[in-house]
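Encoded as structure tokens, the following chain is the form predicted on its own, with no partner shown.
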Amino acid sequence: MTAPQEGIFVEEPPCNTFLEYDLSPGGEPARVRAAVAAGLGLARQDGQHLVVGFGDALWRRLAPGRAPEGLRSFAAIGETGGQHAPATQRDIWYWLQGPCPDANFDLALGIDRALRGVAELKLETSGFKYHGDRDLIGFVDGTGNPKDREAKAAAALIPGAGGGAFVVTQQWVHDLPSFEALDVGEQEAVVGRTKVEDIELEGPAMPADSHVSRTDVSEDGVAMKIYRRSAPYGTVREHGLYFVAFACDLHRFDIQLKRMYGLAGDGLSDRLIDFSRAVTGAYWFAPSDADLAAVFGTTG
């Protein structure tokens, strides 16, 4: 029976918190298992969900024989010094979803206390709903997602992993003044959709280097769909998108990123990266509830 972590497919909560941890030196698997189990066992408020993922190296230490085929760390993409996707692979990733920031903050505090002495917090980001489901650039985010639960599961869940999923996370910092200096028609050409109506451009109106064109990929007649769950984040001074996506195969992430960064052999790159830069990048494995129960004695 397939039983993914419930929060992967819950789309209602307006508040998100993302935590990324590195294992402390000398962290023994038994101590890490106990600490993660304590965090997973914390009480949650109504409407609050928790998803946990693990980097390749740590998951193989914690759960020998339970890593899905193809699991690996994120590798930097593109040329250092120019537009590139850096690799900041860490060991444990938490995604907290809730109806209000205070509930997420309480849960994040509990998780951090449980991990103290075992893992070090390297990134903490709070995401929010922005004018419905829009990114800070003003366009609807995730429009290309599979629409029903079955299609989402087919895109997100690894065959034979009982509900496990591959995850990619990237923190993108937007250059809003540069993007907003474009007129709306130019912005739509960058994205590949209309800004107000959220309608995909068609035919000659769709540039080959638009974001939609570079990330809407098919191979041998199979659409390389992923399931996006990103959230806008930030302050007045620095802001952008914390990109989260789930997939049944890491290749789906790889091919989209290569096409975005001009490494697909066709001489094209994604114009959107002229206005937003990735500052983090990691691959994770989000185990099924059965795997979480087997390794930690509790589920997400």
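What you see is a predicted model; the values in this text were computed from it and never measured. Numbers follow the displayed sequence, beginning with 1.
Beyond the structure shown, there is the form predicted together with protoporphyrin IX containing FE, which is absent from this document and is the topic of what follows.
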Item to complete: Flag Q170 as yes or no: does it have a non-hydrogen atom within 4.5 angstroms of any non-hydrogen atom of protoporphyrin IX containing FE in the predicted bound form?
Response: yes
Discussion item. Please tell me whether any heavy atom belonging to P101 falls inside 4.5 Å of a heavy atom of protoporphyrin IX containing FE, as the geometry stands in the predicted bound form.
Written reply: no
Practice prompt. Report yes if any heavy atom of P86 sits within 4.5 Å of a heavy atom of protoporphyrin IX containing FE in the predicted bound form; otherwise report no.
Written response: no
Discussion item. Please determine whether M260 contacts protoporphyrin IX containing FE in the predicted bound form, using a 4.5 Å cut-off between heavy atoms.
Written reply: yes
Worksheet item: When you measure heavy atoms, are S24, R60 and R116 every one within 4.5 angstroms of protoporphyrin IX containing FE in the predicted bound form?
Response: no
Practice prompt. Specify the contacting stretch among 89 to 97, 117 to 125, 157 to 165, 171 to 179, defined as having any heavy atom within 4.5 Å of protoporphyrin IX containing FE in the predicted bound form.
Written response: 171 to 179
Item to complete: Quick one: from D106, D141, D209, E188, grab the residue that has a heavy atom within 4.5 Å of protoporphyrin IX containing FE in the predicted bound form.
Response: D141
Practice prompt. Could you list which residues of 212 to 227 come within 4.5 Å of protoporphyrin IX containing FE in the predicted bound form, counting heavy atoms only?
Written response: V212, T215, D216, K225, I226
